[in-house]
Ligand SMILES: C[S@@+](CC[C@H](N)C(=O)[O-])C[C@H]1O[C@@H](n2cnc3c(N)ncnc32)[C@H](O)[C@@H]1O
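Quick heads-up: it's one chain on its own, the form predicted alone, in structure tokens.
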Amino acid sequence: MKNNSAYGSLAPFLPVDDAVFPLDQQAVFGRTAPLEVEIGFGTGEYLVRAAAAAPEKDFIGLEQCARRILATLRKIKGAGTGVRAGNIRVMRMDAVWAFRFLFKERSLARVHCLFPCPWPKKRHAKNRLFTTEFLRVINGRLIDGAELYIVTDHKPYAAWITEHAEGSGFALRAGIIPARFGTKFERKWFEAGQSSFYEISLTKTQHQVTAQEGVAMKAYLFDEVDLDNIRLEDLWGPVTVKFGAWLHDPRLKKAMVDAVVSEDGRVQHVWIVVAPARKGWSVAPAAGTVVLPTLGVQQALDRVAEAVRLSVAGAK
């Protein structure tokens, strides 16, 4: 049957909940090859061209806008044989968390980022991506001698990145270049009259050790539960966990709750289910939940498990 969808095929899309932490490249691509990452690939012009031009390499693109991901999937469908053979994956994932949780130490051959948001207002500068801390994390994921390549339309942001590169283990080279990438945002600025852009090449010279931050999720099993008497308490502090309504279906003998986990300025929603298991009852994230294995998620599971334990103790 002919596929006339607006996005071609979902095959190159790698959902976060299908990924193994850290990334197993052999499982995702069926081979081990030089792996490159583009942060914020927009509508995919540069990412798809790069993958088509280098079928001997694998590429992962990170983007948070769903519409841009769909536009990129459409471009992948019409791209060259290298891309159609499967050397590209796109993910809807925050770049900071991807580098902290997903990529292994010394696993990446190159990282690209074209026209990241410069957050030009002073009060918004805290949202800028390439802090010294984040540059050190990227450094740790790159192989020795590899490059982080950034292009921005915003001169103050280029200066800010240059300042924050100090102490990150990179040798920096900066320059001014003409429009050359043909991306949506480059065209936008070029058509508005900007003819030159700011290039920053950061070459890894000193390895920065930054630990993989994934948490091995602790599973909970109980011999019995009392689903009618669960009392959940929110958690407040550096990690905040706020629980939604406790939903209990007596017919299915199953209950679940939405936990909103906030940590490091980022929020995750995780549905936690209490349901019959092979032996007894389990407390675990619901199947299909898109969630990173963080300390906050584990603490949400801990809270539900403790409420289950107390409900049983109170019923006796």
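This structure is a prediction, so every number in the text was calculated from the model and none was measured. All residue numbers are counted from 1 along the displayed sequence.
Although it is not shown, the form predicted in complex with this ligand is what the next lines describe.
Just one listed stretch, out of 37-45, 243-251, 24-32, 271-279, contacts this ligand in the predicted bound form at the 4.5 Å heavy atom level, and that stretch is 37-45.
For a residue to qualify, one of its non-hydrogen atoms must sit within 4.5 Å of this ligand in the predicted bound form; none of Y220, D258 and D302 qualifies. Think of it this way: in the predicted bound form, this ligand has a heavy atom of just one of A171, C117, A109, A125 within 4.5 Å, and the residue is C117.
Only one of M93, A79, L135, V225 lies close to this ligand in the predicted bound form, with a heavy atom inside 4.5 Å, and it is M93. Proximity of E63 to this ligand in the predicted bound form: non-hydrogen atoms within 4.5 Å are present. For the chain shown alone, Y198 is not a contact residue for this ligand in the predicted bound form, no non-hydrogen atom being within 4.5 angstroms. By the criterion of a heavy atom within 4.5 Å, T183 is counted among the residues contacting this ligand in the predicted bound form. Using a 4.5 angstroms limit between non-hydrogen atoms, R68 touches this ligand in the predicted bound form.
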